[in-house]
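Okay, so here's just one chain, in structure tokens, the form predicted on its own.
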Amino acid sequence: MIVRSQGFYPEFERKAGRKRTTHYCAGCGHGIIQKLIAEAMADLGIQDDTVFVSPVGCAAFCYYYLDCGNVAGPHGRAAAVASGLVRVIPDKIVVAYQGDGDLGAIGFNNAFQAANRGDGFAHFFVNNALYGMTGGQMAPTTLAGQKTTTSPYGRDVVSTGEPLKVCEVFDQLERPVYIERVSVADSKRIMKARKAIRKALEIQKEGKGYAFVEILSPCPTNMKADAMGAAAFVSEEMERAFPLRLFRDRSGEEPPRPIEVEARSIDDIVSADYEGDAIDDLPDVRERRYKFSGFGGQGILSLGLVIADAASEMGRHVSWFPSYGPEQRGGSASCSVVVSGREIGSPAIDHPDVLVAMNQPSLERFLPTVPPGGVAIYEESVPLEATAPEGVTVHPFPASRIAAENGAPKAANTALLGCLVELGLLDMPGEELRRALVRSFAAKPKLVEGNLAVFEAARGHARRELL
């Protein structure tokens, strides 16, 4: 009499009404491995306390088989999902299950970092040396010379690298408790795999840390062999590249204790190094959202920083959020600054109350986003070809000319700061902005005098021409 293994659901419900009880191909190792996991869960009495993270790939439907909690992870992210689960449900047992393409390629860094942290879950890695579900392409673990659909002449290690040996890589890390490589190519090997899988789950039951088991597994369909031939390929070919062995077992040692940190509120943390009082809400201070934009090298980010610094010194809530391309000069650059009397919900700005644009692309891009009642100031030499939304005040300002006339041609951003002060768009005293401007040149004191001259000249021009 055939008895269903404990730990499995009674039926494969994905194919309701059909006689087929699994979606795996004949001779596939996944069914064997999952049976070993299910039996170990049931034997250890952890079935109701286990959360199983399924992968993308042939084993994506694990949740139709294993009778425990189940979460489906995105491609390559099973380890990341498991890491999250052990933090939010630390009293449960977490298992991550991945194939070689899922873990060894797109998900490798997620798995590596989880192992490096020693996150407390059992990690089962099924290695069949190719991508199974998507058609048998070359995988990180494909053997040297092995033919796949994307390496029809055999894997060339000169151009594609050597097969990735995950156990050997993880064995260099300090935090994993248990690392072993096993196989399910025949009955004798399956018995050893059974012990390794059970050991990894015992470690989770005892809360001792990260356990990693790599399992060499046949894939008859993509290896283009029958079940016996695929199993022989695993034991005769794969095991030469991936020797079966126990890399480490530190389950008998005391796990390292986390560093105890005194619990503090976020207000305590934020104000820990602040010499004055913690930042309080200022109901009388209205929130303003600023967008400063132009080319890299025009001082756009610095302009935003000066304003953010001044606001911070006045005890206001402030955020500064830069955006720029990889170019040091000439690429697009912008920053969003929010100054508020209350905590700021998001540093991102879609509709700025005040726009400062120093080039035409920025003016064309951001001017339509200014809401009614907003103000846009742009470099006068830039042609205004965009149409301002109704209710938006637009001021051309000769920032570059004022900077050049006062002996600091690179200080057009400082001229715009003076304009903003004089138009009352910063809700801060000019002297406070002046001090912030001086602080911004602490590393280049020779530039202070010229920038202050531009700042005052710009204020005078704005007062005469714009008010």
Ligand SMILES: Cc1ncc(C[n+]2csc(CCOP(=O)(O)OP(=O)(O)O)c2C)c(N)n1
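These numbers were taken from a predicted model, which means no experiment stands behind them. Just count from 1 along the sequence shown to find any residue number.
Same protein, other form: the form predicted together with the ligand, not shown, and the subject of what follows.
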| query | finding |
| --- | --- |
| Joint contact, Arg189, Glu214 and Leu216 to the ligand in the predicted complex, by non-hydrogen atom at 4.5 Å | no |
| Per-stretch contact check against the ligand in the predicted complex, the hit in 365-373, 96-104, 244-252, 228-236 (non-hydrogen atom, 4.5 angstroms) | 96-104 |
| Contact assignment for the ligand in the predicted complex, among Tyr378, Tyr178, Tyr290, Tyr131, heavy atom within 4.5 Å | Tyr131 |
| Candidate from Leu437, Cys58, Val421, Met41 lying within 4.5 Å of the ligand in the predicted complex - any heavy atom | Cys58 |
| is_contact(His75, the ligand) in the predicted complex, heavy atom dist at most 4.5 Å | yes |
